[in-house]
Ligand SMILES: NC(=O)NC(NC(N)=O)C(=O)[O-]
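Below sits a lone chain in structure tokens, taken as the form predicted on its own.
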Amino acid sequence: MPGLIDVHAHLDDPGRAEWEGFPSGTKAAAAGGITTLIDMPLNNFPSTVSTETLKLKIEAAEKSIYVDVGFWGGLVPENAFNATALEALLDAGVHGLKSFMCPSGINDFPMTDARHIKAGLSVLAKYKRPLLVHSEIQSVVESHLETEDGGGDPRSYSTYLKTRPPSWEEAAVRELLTVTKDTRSGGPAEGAHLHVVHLSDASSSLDLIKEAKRSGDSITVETCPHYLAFSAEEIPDGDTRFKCAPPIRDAANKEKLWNALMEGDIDMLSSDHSPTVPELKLLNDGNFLKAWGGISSIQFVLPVTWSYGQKYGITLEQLVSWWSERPAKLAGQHSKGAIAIGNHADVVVWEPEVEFDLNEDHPMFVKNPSISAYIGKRLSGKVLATFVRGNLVYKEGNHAFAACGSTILAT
């Protein structure tokens, strides 16, 4: 099958390599059949918001990656209205920009609003590259729940779930759509594209996105395997491995996400691999309100998608669409995403019917495997080998002797 392309991963390098790092993160990606990933501009330090910080990231990646790696740049208040700075970042090779509409949790990556996004899209239009947006707007009414004294038992997942309701996603999407109309044919930002990352709310937020697509807005949306595999009702008290933002919602919402994915209303999948060190997950305290949010998943997204999708009758063709073809298009990777003459020979060889238990005996290559919410699951779909540009980079538990992945810069 064509190698997977993950357009949403945090490898945290440089600056927080103890959280993951390029060597371990790309080894895990290769072991999971991912042949290309586009690294997010945060949780590394400093965040990738300028040509200088992009250079640091490229230097950290070179000669230490086992798959091809590209980079998103950051759209933040300090550069949003500086077209020269954004153009320099895009000229330096980022594949597009990423912004947050709520606090990111990273001090040097502050949140943006519709004004910043509108300005960013006008620059991106010239380059025909996308803006990826974390679409949650914090409600003043609900924000008091984030304090321990106002929100019930902090070890209960339901307490955390109340702090980030679907209305946060809906409010963000509603505000985004005041700007995305500029991307329509003939609009002032024609050529730009907006991509909503890790959609969790399968109701009002998704309905708004569907309407925007019908109106001609250039907009796409992804969700992640953890929203398709888990539901709020099954998350044990204190098991902070499951904390992420937006949160994993209830079982009914999960069914709606699957239906939207199967019907084509959700365009693609990504891992949103967002690891940290075990101490920040507060696994012993189990405090959902204070633990670091993020699901560690990059090695397992292929078997997870396949295993949980069996109930819905997913096909290999759909897997390729969600994980290869459409992500390649979003990231402007025209030589990737399909097995075709002239394309990069990015290939994953795997056995869909082979089942395995994801436990301490299973080889895991992420730096901190204990924090993954998938530990203990039985999955089907064993990756045997991964080729990147024709090079065998992974085979049955072993990696290539040398890290032979390439950094890929947009031109």
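What you see is a predicted model, and the numbers here were worked out from it, not measured in a lab. One rule holds for the numbers: they count along the sequence shown, beginning at 1.
We do not show the form predicted in complex with the named molecule, though everything after this point is about it.
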If we take the named molecule as it sits in the predicted complex and superpose the C-alphas round its site onto this chain, is the site open or blocked, where blocked means 3 or more ligand atoms come within 2.4 Å of a backbone or C-beta atom?
-> open
Residues 43, 134 and 244 all lining the named molecule in the predicted complex, heavy atom within 4.5 Å = yes
Which of 294, 130, 337, 225 has a heavy atom within 4.5 Å of the named molecule in the predicted complex?
-> 294
Contacting member of 198, 195, 95, 249, with respect to the named molecule in the predicted complex [4.5 Å, heavy atom] = 198
Out of 182-190, 96-104, 122-130, 307-315, where are the residues with a heavy atom within 4.5 Å of the named molecule in the predicted complex?
-> 96-104
Using heavy atoms and a 4.5 Å limit, would one call residue 274 a contact residue for the named molecule in the predicted complex?
-> yes
Even though the chain is shown alone, can you say which residues of 1-22 have a heavy atom within 4.5 Å of the named molecule in the predicted complex?
-> 8, 10
